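Encoded as structure tokens, the following chain is the form predicted on its own, with no partner shown.
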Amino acid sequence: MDVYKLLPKTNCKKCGHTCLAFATKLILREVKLEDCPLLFEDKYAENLAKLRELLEPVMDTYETGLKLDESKCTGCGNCVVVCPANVSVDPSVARGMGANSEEVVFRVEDGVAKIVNLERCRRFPPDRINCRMCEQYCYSKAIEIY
């Protein structure tokens, strides 16, 4: 509702949706702010700035909702080992081995976890499976899913 409150609320459907539907689709990353032409009129400039600030965490997480804060990461490798996508591509990962494939989602490099191939994440469209394994096993809370 916070997103909806900052939209023009005219239901003009220039974006193809009602404002409430547009707000929902913004959060799900199915549309972009630029899809609403009214938001870019001068009278909505303040709301647009607030929307950008409000949606920044969502927009920074790309299509999966997954965000890795490398400054919090201890390099334990839990995310590498528990990621089902990693295991399916590189079965040695399930035995605690380092990832050897370029197709894995996570890899530890220089003592810090890195997202190597986000498109392989099970949360990535079109599947959008609600997997949270990496977040659940990240004891340093470096991985968050929004």
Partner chain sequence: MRVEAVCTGCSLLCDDIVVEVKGGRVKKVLHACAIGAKRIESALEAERALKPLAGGRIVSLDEAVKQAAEMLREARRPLLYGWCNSVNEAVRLGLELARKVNGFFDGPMSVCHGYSIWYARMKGIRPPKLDEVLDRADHVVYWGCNPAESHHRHASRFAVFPRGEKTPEGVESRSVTVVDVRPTRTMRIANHRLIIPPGRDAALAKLIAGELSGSRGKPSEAGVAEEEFYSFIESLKRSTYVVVFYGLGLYSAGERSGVEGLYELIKVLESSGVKAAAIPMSGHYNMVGAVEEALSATGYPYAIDFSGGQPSFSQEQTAVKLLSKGEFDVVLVIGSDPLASMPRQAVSGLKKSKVIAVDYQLSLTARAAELVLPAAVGGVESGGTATRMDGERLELKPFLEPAGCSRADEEILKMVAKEL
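Numbering follows the first chain given and starts at 1. Everything numeric here is computed off the predicted structure, so don't read it as measured data. Here, rigid core means the biggest group of C-alpha atoms that superpose within 1.5 Å across both forms.
Heads up, the form predicted together with the partner chain isn't pictured, but that's what we're talking about next.
Novice: Since the chain is shown here on its own, which stretch among 79 to 87, 47 to 55, 33 to 41, 117 to 125 would lie within 4.5 Å of the partner chain in the model of the complex, judged by heavy atoms?
Specialist: One stretch meets the cut-off, namely 79 to 87.
Novice: Does at least one non-hydrogen atom of residue 68 fall within 4.5 angstroms of the partner chain in the model of the complex?
Specialist: No, no contact at 4.5 Å.
Novice: Considering non-hydrogen atoms and a 4.5 Å limit, does the partner chain approach residue 133 in the model of the complex?
Specialist: Flag for residue 133 set to yes.
Novice: Flag residue 109 as yes or no: does it have a non-hydrogen atom within 4.5 angstroms of any non-hydrogen atom of the partner chain in the model of the complex?
Specialist: It does: once the partner chain is placed as it appears in the model of the complex, residue 109 has a heavy atom within 4.5 Å of it.
Novice: Can you check whether residue 26 is within 4.5 Å of the partner chain in the model of the complex, heavy atom basis?
Specialist: No.
Novice: On a core-based superposition, does residue 18 travel 2 Å or more at its Cα between the shown form and the other one?
Specialist: Result for residue 18: yes, a 2 Å-plus shift.
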